[in-house]
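First, one chain by itself: the form predicted alone, in structure tokens.
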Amino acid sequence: MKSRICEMLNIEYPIFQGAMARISDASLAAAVSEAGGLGIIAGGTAPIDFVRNEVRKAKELTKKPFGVNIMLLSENADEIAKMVCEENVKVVTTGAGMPGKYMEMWKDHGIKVIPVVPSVAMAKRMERSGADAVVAEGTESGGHVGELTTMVLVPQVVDALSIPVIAAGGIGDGRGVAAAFLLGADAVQVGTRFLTAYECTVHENYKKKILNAKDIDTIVTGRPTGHPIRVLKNKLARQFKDLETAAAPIEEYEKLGIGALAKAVTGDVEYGSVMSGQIAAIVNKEQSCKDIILEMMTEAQSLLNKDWR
């Protein structure tokens, strides 16, 4: 299953690993890239020296291409934007903002730029700004989410653009991969499925929370703030919902959310923010990144080759 994305990025399989803040480190990204996909290190709000160190670790673990995700609203966005050039990173994905002011610098260093978008309008703006491809992310995904579902968003973005489109949100097995290709996508981005990879260094409590999740176990919190986040239900999520019911001021949400993701990543899955996509319910085993990718691609290829008459 080759595509324009495979040729553009020199990867074997059209599978991106989602950039999950505080989780997507060198270990996970390198393992995905070694397995033939595109691993991505999450910059998030981490200090520049930490992100640079993760990039250098990944280079020691794999000679294959990998990417760095930059949250453009982060205070360190300017520093990470320059660092990826200095460290000869091959791919940058972006979120939470417009990458226009960095585009010329990245292009001069041969970096492929792939923004994450939640709407057709944003996708068009990214193409006009010089993006090489876009990730069209549906609301089924974990973490920060938009409003449109993957099924609705992806074909509209595909129809609106000439550059490749990567489908994200609600994709966790070969059926999702096949569906994304039928919707017109050139690749998929997978986050939640990789949370239970052997090479993912997140706390075992987090992994178990994913493995035990049921179909209705995710919830979107923080809508009044303008930055809604999909997480697994727990005591913290209920506290956020209580704030919504009470029409609490935005400052209360911010206070409650401080350090919440860090708590979850280090094992507190009751009062930590356990970000997860809706697809968690079908993630029921731990595997290596290689086995995850091969299983997904084999199933997708079988479905796409099937005679449906």
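Each residue number is its position in the shown sequence, starting from 1. Worth saying up front: this structure is predicted, and the values here are computed from it rather than measured.
Below, we refer to the form predicted in complex with a small molecule, which is not included among the displayed structures.
Peer 1: Please determine whether residue 229 contacts the small molecule in the predicted complex, using a 4.5 Å cut-off between heavy atoms.
Peer 2: Judged by the heavy-atom cut-off of 4.5 Å, residue 229 is in contact with the small molecule in the predicted complex.
Peer 1: Hey, in the predicted complex, is residue 161 touching the small molecule, heavy atoms inside 4.5 Å?
Peer 2: The answer is no: residue 161 has no heavy atom within 4.5 Å of the small molecule.
Peer 1: Would residue 143 show up as a contact with the small molecule in the predicted complex if we use heavy atoms at 4.5 Å?
Peer 2: Contact check for residue 143: yes, within 4.5 Å of the small molecule in the predicted complex.
Peer 1: Looking at the partner-bound form in the predicted complex, is residue 85 within 4.5 Å of the small molecule by any heavy atom?
Peer 2: Residue 85: no contact with the small molecule in the predicted complex.
Peer 1: Sort through 170, 191, 222, 95 and report the residue having a heavy atom within 4.5 Å of the small molecule in the predicted complex.
Peer 2: None of the other options qualify; the answer is 95.
Peer 1: In the predicted complex, which of the listed residues (112, 109, 203, 125) lies with a heavy atom within 4.5 Å of the small molecule?
Peer 2: By the 4.5 Å criterion, the partner-contacting residue is 125.
Peer 1: Specify the contacting stretch among 195-203, 112-120, 171-179, 211-219, defined as having any heavy atom within 4.5 Å of the small molecule in the predicted complex.
Peer 2: Careful reading of the contacts points to 112-120.
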